[in-house]
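Here we start with a single chain on its own, the form predicted on its own, put down as structure tokens.
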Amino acid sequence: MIEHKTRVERPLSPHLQIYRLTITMAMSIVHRIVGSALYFGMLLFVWWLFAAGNARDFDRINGWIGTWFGQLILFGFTWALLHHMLGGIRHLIWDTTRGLEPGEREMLAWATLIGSVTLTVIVWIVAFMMRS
């Protein structure tokens, strides 16, 4: 006898058009992007450290860092470093099985974003106050 297999209709996996972007998803994506961007920032930092061995190279890189574009890069690096650190703390909190409820997850994501911006501004204000 010939058996006829009936095709079982299975639900399709949701695609990107189904998902609504949430703050938690956005902060997860930003955490990964910022982590990758930190590699570039660390290369600049190492370049600056190596330049310290030669006065001419050190003056050249400090002159470049002193421009508005260099300052913007440093500001972005500072934010990236602090944002990645706070994102890591957020994940560490989740590893302790705390903060996993929907409202708590969103609160931690907003705290990461607001905290990183606030701390970046504070670090730069302190740096400018110490420089003067």
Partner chain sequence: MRTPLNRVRGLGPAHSGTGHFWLQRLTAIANIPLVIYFVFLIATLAGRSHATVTATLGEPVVALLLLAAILSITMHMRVGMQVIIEDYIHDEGLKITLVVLNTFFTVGVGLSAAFAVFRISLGL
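Given the structure is predicted, the values throughout are model-derived calculations rather than measurements. Residue numbers count along the first chain shown, from 1.
Just so you know, the form predicted in complex with its partner chain exists too; it's not on screen, but the next bit is about it.
- Shown alone here, residue 32 lies within 4.5 Å of its partner chain in the predicted bound form, counting heavy atoms only.
- Using a 4.5 angstroms threshold between heavy atoms, residue 107 stays clear of its partner chain in the predicted bound form.
- The shortest heavy atom separation between residue 7 and its partner chain in the predicted bound form exceeds 4.5 Å.
- Interface membership of residue 123, defined by any non-hydrogen atom within 4.5 Å of its partner chain in the predicted bound form, is confirmed.
- Checked against its partner chain in the predicted bound form, the candidates 100, 92, 26, 72 yield a single residue with a heavy atom inside 4.5 Å, and that residue is 92.
- Of all the residues from 51-90, those having a non-hydrogen atom no more than 4.5 Å from its partner chain in the predicted bound form are 52, 53, 54, 55, 58, 62, 65, 74, 77, 78, 81, 82, 84, 85, 89.
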